[in-house]
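As structure tokens, one chain now follows by itself in the form predicted alone.
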């Protein structure tokens, strides 16, 4: 049996695990990232975490074939460096060389959304397909593309920044510096913003009873209001689903994957999200009802997807 270490480096936590060659996690653990620290300190914690995991899994480090790392930003996969990660002070850091030297293993890097896509493809909602697109709905909108079983990284590993395709020229400001990006309408951040706007405009709405403190409004607030029959909440959710469906339809019309897999906290709404979304997406796909449409599913692996995908980068 061959073993692999997968590290999911996040802005809040460093999650890691050891898997077998099928991508099954045998043991995992996590530590706080404390991302304001120097890159060298974060790398040391990653190294220590990998050693801790091997000890507790009772698998000697010598039996590990490779290490994979998912990075929340842009990486140079060939050089093994972090090009840009806005939540970490690690730009330009040669993380592949540092981790590889300490552990004595080959190190593979990719974007964290790519790793989540690969994880779902290997052992999650995408495992029965040849080609999938993963869409992560969180602070931003991320993506990962698997084509014919292989991760598509594009030029220098910078592909699948699907959250930054423009849906509405001159629209809402996006964190990337452009306006009208899909992320500015379909991220959890955007849903929270629109919920707060609606609550301010309609003080009579049940939303203000559900969460009186505007600073504590979450992506779930509007869906809670919808469940209680609040008209304002219904409007917020319908607008969110409209923009989400536009972006998904664009992806389908461009790549025609076998499936689009949705991940992130917003997807905890399950069928409340998925059923109306399917009804909105499929009529917008080129060919209408005359062609077969990709499956639209919710990711099944949660936080494990990034670990598994990172561990399987050696084979991507």
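Small disclaimer: the values here were computed from a predicted structure and weren't measured. Positions refer to the first chain, counted from 1.
Another form exists, predicted together with a further copy of the same chain; not displayed. Remarks below refer to it.
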statement: a further copy of the same chain in the model of the complex has a heavy atom of only one listed residue within 4.5 Å, and of 223, 93, 108, 243 that residue is 243
task: Quick one: from 256, 47, 31, 26, grab the residue that has a heavy atom within 4.5 Å of a further copy of the same chain in the model of the complex.
output: 256
- request: Answer yes if any heavy atom of residue 145 is within 4.5 Å of a heavy atom of a further copy of the same chain in the model of the complex; otherwise answer no.
  value: yes
- prompt: Is there a heavy atom of residue 160 lying 4.5 Å or less from a heavy atom of a further copy of the same chain in the model of the complex?
  reply: yes
- prompt: Any chance residue 238 has a heavy atom within 4.5 Å of a further copy of the same chain in the model of the complex?
  reply: no
- prompt: Would residue 173 count as touching a further copy of the same chain in the model of the complex under a 4.5 Å heavy atom rule?
  reply: no
field: Which of 116 to 124, 191 to 199, 214 to 222, 145 to 153 sits within 4.5 Å of a further copy of the same chain in the model of the complex, heavy atom basis
entry: 145 to 153
